[in-house]
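Next up: a single chain in structure tokens, the form predicted alone.
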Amino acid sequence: MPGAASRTRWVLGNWKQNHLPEAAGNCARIVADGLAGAGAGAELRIGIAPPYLSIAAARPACRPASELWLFAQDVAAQDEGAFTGEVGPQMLAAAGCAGSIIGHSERRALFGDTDALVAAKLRATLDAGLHAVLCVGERLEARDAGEHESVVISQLSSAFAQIPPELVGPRLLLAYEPVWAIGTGRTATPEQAAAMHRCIRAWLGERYGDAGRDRSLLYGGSVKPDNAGALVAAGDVDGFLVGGASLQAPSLLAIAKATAPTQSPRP
């Protein structure tokens, strides 16, 4: 598996519209306290993405680099201006966020985030020096029609249309989230997830060489402690973007433990 040894594994909890500040702070502290037991370190990074209102409450528990990372759930395509309700990349950085999720299926479906807007958010985030977690994924009808790969490749092509090679590096993560498996209790089989990840990795490699092939690819879609291990074991899955199962710290830590590499850390 090209570059597998060099790819960092990630487990990122997307709390969506949940956890008011007090609950967010408490959950973040429990996760931070459990990092060592979950295998967090240079080989595995654990992050949380609270709602905007709760970022400040979660921030004290978030620690530098290889410990607990703080992300936002969305970001504006511009840094500042007359854009009521928006929060730009530099504002996220000032709030202590290391990066943001971009293009989540709920943003696309419920709030009208077009491919063009997702592309602009991705470029703005990377230009600001933040990490970006780009989400792609197909609906059930596309999967049933055998068009799942073409849908995802189309999303990738649009998102990367204005991304120069120098921005394709460790700050760029991708998350494959089959829309039909989000919040439904259904999960892509390990084989389905691994196959799509291989497709994404091949596309990145064709355009960006090793820099593209070596990007960490996460799976998102009804991830739970009891299916995380099998998904990772199938190969080409470098971690998870976790929704509902991340709202309870023990559950998120259990997923992280199942994701942690078993090999000895590199020298």
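Residues carry their position along the shown sequence, with the first being 1. The shown structure was predicted, so the numbers you read here are calculated from the model rather than taken from an experiment.
Keep in mind the form predicted in complex with phosphoenolpyruvate (PEP) is missing from the figure; the text below concerns it.
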(message) To test your reading of this chain, name the stretch in 174-182, 113-121, 72-80, 161-169 whose heavy atoms come within 4.5 Å of phosphoenolpyruvate (PEP) in the model of the complex.
(response) 174-182
(message) With a cut-off of 4.5 Å between heavy atoms, is residue 16 one of the residues that contacts phosphoenolpyruvate (PEP) in the model of the complex?
(response) yes
(message) Please determine whether residue 46 contacts phosphoenolpyruvate (PEP) in the model of the complex, using a 4.5 Å cut-off between heavy atoms.
(response) no
(request) Tell me, yes or no, whether residue 58 is in contact with phosphoenolpyruvate (PEP) in the model of the complex, where a contact means a heavy atom of each within 4.5 Å. (result) no
(message) Considering non-hydrogen atoms and a 4.5 Å limit, does phosphoenolpyruvate (PEP) approach residue 222 in the model of the complex?
(response) yes
(request) Would you mind picking the one in 200, 228, 241, 31 that has a heavy atom within 4.5 Å of phosphoenolpyruvate (PEP) in the model of the complex? (result) 241
(request) Residue by residue through 72-104, tell me which have a non-hydrogen atom within 4.5 angstroms of phosphoenolpyruvate (PEP) in the model of the complex. (result) 104
